[in-house]
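One chain is shown next in C-alpha cells, namely the form predicted on its own.
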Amino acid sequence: MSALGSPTLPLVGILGGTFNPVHYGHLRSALELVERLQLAQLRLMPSAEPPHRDVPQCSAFHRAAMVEIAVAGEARLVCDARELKRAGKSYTIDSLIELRAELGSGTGLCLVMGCDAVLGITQWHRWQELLDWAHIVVIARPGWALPRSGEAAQWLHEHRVDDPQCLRQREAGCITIEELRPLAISSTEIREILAAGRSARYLLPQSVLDYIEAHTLYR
C-alpha cells in the first residue's frame, strides 16, 4: 500500500532503440532504471525499421541476438523482439497496445525515452495516444533540454509528475523525468572503431564483442 492508502501497481519498463550494437551505456541506464523505479522488469526492444532514421545495415536479427546475449546474466532485463516480427515500420504505439493486451490490467507500463526523442515527439506516429497505454519516463541527458513551447511542452506540463511513485497509482498517463549516470559511449563510435580495425573492448560486454567478431559485423 502507498502512503495515501491506494494500492500500488507493479511496473514493467520498455526501452526501445536500434541497439546497433548494444553497449554498457544502454545496459547501465537500464539497470539504474530498474532499481530507481523498482521495476519488476525492463524490456529492451530492438527496432526493426525505425521510422525516424535509416534502417541499420546490421540486421534486426543480429541486433536482437546481441541484446539477448548482453542481458543473459540479469534476470530483470529482457530482450523483447516483437518489432522484428511485424512487417513495415516499427511504431511504438503498436508495441504498447500489444503489451497492454498481454499484461492485462493491474500492471503499470513505462515507456523510456531520451530528451532528444521528446523534442521530436510530435513527429511520432499517433504520439498523442502513447499515454493512453503507458507512462513515459524521460531520461535527462547532458546537453539536452526539454521543449519550452509548443505542443510537446504543453503535453509535458499537463502530464508531468515529480514523484515517480505516482506511476504506481495507475496503469498509464504520467510523465516523469529521471537523471541517470552519464556514460559517454555511443553505438556510432563503436561501429567506427570496429570498422577501423581497432579494439572496442570495455565499451560493451565481451560476449557481445565475441558475437560481433564471430559474425564479422561492422567491418
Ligand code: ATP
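The structure displayed is predicted, hence computed values, not measured ones. Start at 1 with the first residue shown and count on from there.
In what follows, reference is made to the form predicted together with this ligand, a form of this protein that is not presented.
Visitor: Since only the chain is shown here, I'm wondering whether residue 187 would be in contact with this ligand in the predicted complex (any heavy atom pair within 4.5 Å).
Guide: The answer is yes: residue 187 has a heavy atom within 4.5 Å of this ligand.
Visitor: Heavy atoms within 4.5 Å of this ligand in the predicted complex: does residue 205 have any?
Guide: Result no; residue 205 lies far from this ligand in the predicted complex.
Visitor: Heavy atoms within 4.5 Å of this ligand in the predicted complex: does residue 113 have any?
Guide: Contact check for residue 113: yes, within 4.5 Å of this ligand in the predicted complex.
Visitor: I'd like to check something about residue 176: if you look in the predicted complex, is any of its heavy atoms closer than or equal to 4.5 Å to a heavy atom of this ligand?
Guide: It does not: once this ligand is placed as it appears in the predicted complex, residue 176 has no heavy atom within 4.5 Å of it.
Visitor: Can you pick the stretch from 99-107, 71-79, 135-143, 86-94 whose heavy atoms fall within 4.5 Å of this ligand in the predicted complex?
Guide: It is 135-143 that comes within 4.5 Å of the partner.
Visitor: Check 34, 43 and 168: does every one of them have a heavy atom within 4.5 Å of this ligand in the predicted complex?
Guide: Checking in the predicted complex: none of 34, 43 and 168 is within 4.5 Å of this ligand.
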